[in-house]
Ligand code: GLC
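Have a look below at one chain only, the form predicted on its own, in C-alpha cells format.
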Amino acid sequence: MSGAGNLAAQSLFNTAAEAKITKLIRKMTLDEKIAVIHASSSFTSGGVKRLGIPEITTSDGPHGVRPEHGRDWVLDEGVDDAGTYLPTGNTLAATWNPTLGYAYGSVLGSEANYRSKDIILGPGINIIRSPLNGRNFEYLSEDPYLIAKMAVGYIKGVQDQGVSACVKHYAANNEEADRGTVNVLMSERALREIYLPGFKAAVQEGQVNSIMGSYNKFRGQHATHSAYLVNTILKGEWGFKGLLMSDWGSVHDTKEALLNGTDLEMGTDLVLMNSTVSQTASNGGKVHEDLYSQFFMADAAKAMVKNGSIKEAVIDEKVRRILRVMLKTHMLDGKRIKGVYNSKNHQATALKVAEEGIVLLKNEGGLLPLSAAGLKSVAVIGENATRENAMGGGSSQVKAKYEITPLEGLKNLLGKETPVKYAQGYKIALNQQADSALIQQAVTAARSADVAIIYCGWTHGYDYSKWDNNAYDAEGVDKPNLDMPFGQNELIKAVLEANPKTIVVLMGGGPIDISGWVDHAAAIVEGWYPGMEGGNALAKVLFGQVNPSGKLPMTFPKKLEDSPAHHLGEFPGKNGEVHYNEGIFVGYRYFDTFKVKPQYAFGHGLSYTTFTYSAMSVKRNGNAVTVKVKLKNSGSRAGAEVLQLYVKQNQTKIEKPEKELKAFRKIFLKAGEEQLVEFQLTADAFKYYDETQKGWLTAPGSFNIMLGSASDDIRGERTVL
C-alpha cells in the first residue's frame, strides 16, 4: 500500500495513539495546554516547542491555498504563493462527479503540503437555502445527498495527502450579512433531513479530521459552542473524534466554549482585530503577543481552571483531540508528504472540473456548438469576458499562477485566423447603470459579426481590498436581489436584437433574474467561476471540443419570490432572528411539491448528444431495493449523462416532498454505446426524521422510484411496495 493509502487507512482513534497522547498531556503544564487551544497568530495555533508539539498552520480555502499571510494579518511579499486556482465549489458540484471531488481535494492537499499548511479550511458545505447568500459560490448544493457525495470525495482527496480537511461552517450558516448575530430557528426535522446530512457524511464516511463552527446562533446559542449541535450531535451521536475549531472570531463565551465542545479558538472579534491592525502599524509590523492572551480560550480559560470552576480534564480533552489530528497527519514525527505546487497535472484537474461543471442551460435551433470552420468573425461582449476572479470573494481568494479569461480562451482556441472583436458593454463599478455608449459599441460589434458571445452575470466585487455594495459573491455580504447589475439586461436585449446568433454566458455564484430576455436568447450557458483554466474550458464547450455534461446543483427560480426561503420563510433574518418556515421544502423539494415552475430545474443540463433510457426494473430485497436501467447514447457525439434517482412516497399522512434525490451516476458513453446501470438503495433512502420519536422511521405506503435527467425530466418510474 502506498504512503497516501496508509494515511487514508489511519483512524483518528486507536489504542497506541491514545497512549502516546496521554503521555504527552501528562508532561504538559497548564500554560502549555492553554497555548495549544487558541490562536498564536492570524492563521496558527500555539505549540509546545520543548515537547516537539508544533503550531498548527491553517489556510483558506475551499478552491485553492490562500495567499501567504504573515503572522499578523499582513500579506507577505516575494513568496511563492501563486498556485492552482480551482473552479469554485458550485462548479465542482455541477460536475456531479465524486471522482472529480477526490481529484480536486488531492490538488488542495498536495499544494497545502508544499506550502507547509496542516489544515485546509474546506470544503464549505452549507445548504444553498437562498440564491441571495453571498457565499453560495463556495458551497455545493441545495440538496444534502449531492453535498454528501461530493464532500466525501473532496475530504478523502485532501486527507490522503496527509493534510487535514476542515468542513465548514457547522451549522445553519446560510446568510452572510448578519452571520455574527442572527439566531437561526428551524424545525428538528429540517435540521436532520436538510442541514446536517452533509456534515454527518463528512464525519462518518469521509472521516474528516476537523470541523469549523459557524458564526450564527442556533436556537439561541452561538453554533460554535452550541451544546446541542456539538456535544449532543457531533461528538455524541456521530462519534466525532477530531477537533472542532471556531471560525475566526465566532467564540463569544469562555465557559460555553470550554464546556460545549469548542477545541480550538481561532481568529478574533472585530474589536480585537482592529486593535491588532493598529498595534501592528505602531509596533514595526509586530502584533503584541498579549493580544492573543485576550482570547476567550486563553487567559480567561486558565483562570477558570485555577479557580476550580472548570476542571483541567476539560482542557485535556481538547488538547487530546488536537494531538490526535497531529498524529494522524504526521505533524509530530516529521514524516509528512512533501507536496507538489501548481503542476501540469493540477492545472489539468482545474481544466477538467471546469469542463464537466459548465452547464448548457438552453440551446434552441442547435446554435451550439459553434464551428470554427467558415466562421469569419466573433464579437465578444461584457466585462466578465476579461475579468480575473481568483482574488475575489473574501477569505477564499487565491493568488493564481495564471488565469485564462473567457476572451483569452476563445483566442487560444480560434488562433489568428478568426478575428475576435471585444466590446466592454458594461462597467463593473459601484451603482453603475446602463451605459448607452458602451451598449452601442457592443451592438455595432455584434451586428457586424457572424456570432456574438456575451459574458455577463455576477461579480466578486470591483475592489478586492474591501467588501462593499459592489460585491455580490463574497464573504460578509448578501445580494440585495436577483436583478442583473450594471445595466446588463439593457445590453443583452440590445445585442440579441442586433444579432439573433448571440450566446449568453452567465458567470458567477448562482441564479440571477434573466426573465426579461430569456425567451429571446437561443443559447444560454452557466459558466460559474471556472478557475484558472476557465476561459479554455468555456471555449471548448462553446465550440464542441468538449460536450457539456454539467447539471445544476441548485434550482434557478424565475424570480426571487419563487424561492421557498423568501415565499414561505425569511431571508434575511429580522430583529436578530431568522425563521426557516419552509422546513424541509428547500430547493426543488419546494418547487416540485408546490408546483412552482422554475427557470431551470435542479439537475438540469443539456448536451450536444441525446440519451435514451430503457428496460428500467426495480426489485426489492428485504429493506433494500435494486434499480436497473439501460442508458444509450442515441446521438452522434460522445458525451456523459447524469442519471438521477429520486424517491417519492405515495399515500402517506406524513408531510413529504414530491421527490428526493437518493442516488446518481455520471456515465460516459460513445455515440451509439449502451450500458446497463445499477443502483442499490438501502433502507435509509426511504426514511424520514420523526420529531416525536426523535429518530428515523419509514412511513407505511408504497414508493415510486423515478429515474431522470433532471428533477423535472423523469424518464422512467416504477412502484415498490
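Numbering starts at 1 and follows the sequence shown. All of these numbers come straight from a predicted model, not from anything done at the bench.
We do not show the form predicted in complex with alpha-D-glucopyranose (GLC), though everything after this point is about it.
- Although the partner is absent here, Glu533 lies well away from alpha-D-glucopyranose (GLC) in the predicted bound form, with no heavy atom inside 4.5 Å.
- Though the partner is left out of this view, Arg135 does reach within 4.5 Å of alpha-D-glucopyranose (GLC) in the predicted bound form, counting heavy atoms only.
- Proximity of Glu475 to alpha-D-glucopyranose (GLC) in the predicted bound form: non-hydrogen atoms within 4.5 Å are present.
- Looking at Arg179, you'd find a heavy atom of it within 4.5 angstroms of alpha-D-glucopyranose (GLC) in the predicted bound form.
- Residues within 4.5 angstroms of alpha-D-glucopyranose (GLC) in the predicted bound form, judged by any non-hydrogen atom, belong to 59-67 and to none of the other stretches in 686-694, 59-67, 665-673, 27-35.
- Interface residue among Val353, Leu121, Val158, Val541, judged by heavy atoms within 4.5 Å of alpha-D-glucopyranose (GLC) in the predicted bound form: Leu121.
- This chain appears without its partner; in the predicted bound form, the one residue of Asp247, Glu142, Glu582, Glu175 with a heavy atom within 4.5 Å of alpha-D-glucopyranose (GLC) is Asp247.
- With contact defined as any non-hydrogen atom lying within 4.5 angstroms of alpha-D-glucopyranose (GLC) in the predicted bound form, Ser395 is the only contacting residue in 388-404.
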